[in-house]
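A lone chain, given as structure tokens: the form predicted on its own.
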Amino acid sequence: MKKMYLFIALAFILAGCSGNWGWYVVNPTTEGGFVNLKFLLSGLYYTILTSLVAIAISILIGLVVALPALSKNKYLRGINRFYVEIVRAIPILVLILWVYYGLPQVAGITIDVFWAGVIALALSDSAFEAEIFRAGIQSVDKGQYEASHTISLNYLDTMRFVILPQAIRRVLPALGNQLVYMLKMSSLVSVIGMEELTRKANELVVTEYRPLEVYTILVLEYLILILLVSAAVRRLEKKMNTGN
């Protein structure tokens, strides 16, 4: 945390020492700078909301997609492999554009920018979540399955009460990385008009004509947000390991 504060202070010092910088546009001690900072921070709500909803949906889809990969049936494994390979091959920016502009024409539905962004991010991330869950479940010792069968647990109860709790504990760092990835990739939703951090920064650049200063603040916003999320994930991981 001290390093983060040092980095922020250094950025402001460097900005103030350069004659080419117009730091006044984001100076909180001036009325205009304070208004601009407040405008930039107003995009934080949609950045966090979009990321959290998308990661929750992607985890559910990823878990469902991961289960066929554990089957002895080659056709079920083929469905898993087909989904994972196809989704991972599509660039996320292209998927966002297709969901927003193409899905309404294909499905005949009206979709707003928020849900278009959430659906695209969730679909893109679900393929990675599926591989994370597959690896986590396969890492659980086979003796756990045998022990579950000896106490007459069916497949669903075995997965719910025995296998998944252990698998989730093991893949928690990877899930935390995916949340960080989701927070960063949410910036791409700005291309379809989502009023998140990056969109707000772009709009301010158009009005103030100070891209260097504005985007520097944008970098700091993402830096602080992701450092906080990473710290929370590490704390949760440590707590789960202690409980274990």
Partner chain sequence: MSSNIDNQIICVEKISKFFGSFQALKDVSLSVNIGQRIVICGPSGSGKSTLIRCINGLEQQQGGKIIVDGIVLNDSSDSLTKIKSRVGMVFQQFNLFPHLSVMDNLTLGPMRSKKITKIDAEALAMKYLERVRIPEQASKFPSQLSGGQQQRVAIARSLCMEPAIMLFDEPTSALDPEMIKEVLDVMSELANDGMTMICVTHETGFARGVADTMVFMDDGEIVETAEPEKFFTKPKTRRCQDFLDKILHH
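Since this is a predicted model, take the numbers as computed values, not measurements. Numbering follows the first chain given and starts at 1.
Here the subject shifts to the form predicted in complex with the partner chain, a form of this protein not shown in this document.
Among heavy atoms of residue 148, some come within 4.5 Å of the partner chain in the model of the complex. Shown alone here, residue 78 lies farther than 4.5 Å from the partner chain in the model of the complex, counting heavy atoms only. Although the partner is absent here, residue 157 is a contact residue: one of its heavy atoms lies within 4.5 angstroms of the partner chain in the model of the complex. Proximity of residue 143 to the partner chain in the model of the complex falls within the 4.5 Å heavy atom cutoff. Here the chain stands by itself, but in the model of the complex one stretch of 149 to 157, 131 to 139, 98 to 106, 80 to 88, 149 to 157, has heavy atoms within 4.5 Å of the partner chain. Contact with the partner chain in the model of the complex, defined as a heavy atom within 4.5 Å, is made by none of 35, 38 and 42. The partner is absent here, but in the model of the complex a heavy atom of 162, alone among 92, 168, 162, 174, sits within 4.5 Å of the partner chain.
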